[in-house]
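In structure tokens, the next block holds one chain alone, the form predicted on its own.
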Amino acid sequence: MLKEEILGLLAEASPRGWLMEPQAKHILRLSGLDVTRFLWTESVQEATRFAAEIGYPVVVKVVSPEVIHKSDVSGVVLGISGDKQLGEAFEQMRAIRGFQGIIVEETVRGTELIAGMKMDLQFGPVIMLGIGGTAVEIYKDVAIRMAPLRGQDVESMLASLKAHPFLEGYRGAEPISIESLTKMLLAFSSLVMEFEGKVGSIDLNPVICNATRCIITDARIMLAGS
């Protein structure tokens, strides 16, 4: 059963039809998924304090109920290395329509994957896993299974990806933690089943996987009927 706090966030977003990134990430964190350390703030002073606390470089993103795709409005700045650059990014974001602050979050390094869910009219909730970031649109290397997932389903999804040798450490590359990825996908699948009837789709892109963890760095939740 969904926690009351999660139900409250879904109800709050209902008039808009989707959850902004900090709300979506909060739901994922409440559900036991690993997300980046982040702060949602409208204060550049708070932003710089938080950046100093977690350590540069950081990522800055716009938060706006009028912007679903942040990259379309230059609403993401990567590799911010100091207070001055962070302040400049803040001013850039403040000019974006519907501005409700920024996210400041840690920089995570590893292999970019994408995971997600879509409610299929025939099959119900289906879960997707593939190569993430901008590459997902180029290579279209994805695997799809019906929810709920089991451990063997995750193994099958990974094996079906053309890029699976890279995940296992092809030609000396650092292998990702398959255990962490499996744990994340199974937890995500459980949440998806609890969401049934309330959520139409979820995008987790990218999910950054390395040798020790798989962490969700961006998330968007679209409500059912949106």
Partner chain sequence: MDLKRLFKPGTMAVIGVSLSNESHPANVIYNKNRLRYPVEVYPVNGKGGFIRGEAVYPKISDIPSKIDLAIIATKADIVPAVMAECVESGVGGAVVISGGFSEAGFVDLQNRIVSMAREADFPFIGPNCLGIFSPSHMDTFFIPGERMVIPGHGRVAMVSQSGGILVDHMAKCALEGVGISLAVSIGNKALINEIDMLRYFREDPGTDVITFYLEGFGENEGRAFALAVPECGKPVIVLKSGKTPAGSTAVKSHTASIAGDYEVFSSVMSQYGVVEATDEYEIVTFAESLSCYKRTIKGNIGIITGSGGHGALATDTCLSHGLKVPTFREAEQTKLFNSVSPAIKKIASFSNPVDLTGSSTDDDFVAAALALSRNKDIDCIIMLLLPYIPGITMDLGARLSLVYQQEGMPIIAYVPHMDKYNMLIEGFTLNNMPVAHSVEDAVHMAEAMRRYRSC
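What you see is a predicted model; the values in this text were computed from it and never measured. Positions refer to the first chain, counted from 1.
Missing here is the form predicted together with the partner chain; even so, the following discussion is about that form.
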With the partner left out here, if you bring back the partner chain in the predicted bound form, are V142, M146 and D153 all within 4.5 Å of it by some heavy atom?
yes
Looking at 24-32, 38-46, 52-60, 188-196, which stretch has residues with any non-hydrogen atom within 4.5 Å of the partner chain in the predicted bound form?
188-196
Heavy atom within 4.5 Å of the partner chain in the predicted bound form - residue from I96, V108, M128, V77
M128
C214 within 4.5 Å of the partner chain in the predicted bound form, heavy atoms:
no
Classify S201 as contacting or not contacting the partner chain in the predicted bound form by the rule of any non-hydrogen atom within 4.5 angstroms, answering yes or no.
yes
My question is simply whether I68 lines the interface with the partner chain in the predicted bound form - judged by any non-hydrogen atom within 4.5 Å.
yes
Is I114 close enough to the partner chain in the predicted bound form to count, meaning some heavy atom within 4.5 Å?
yes
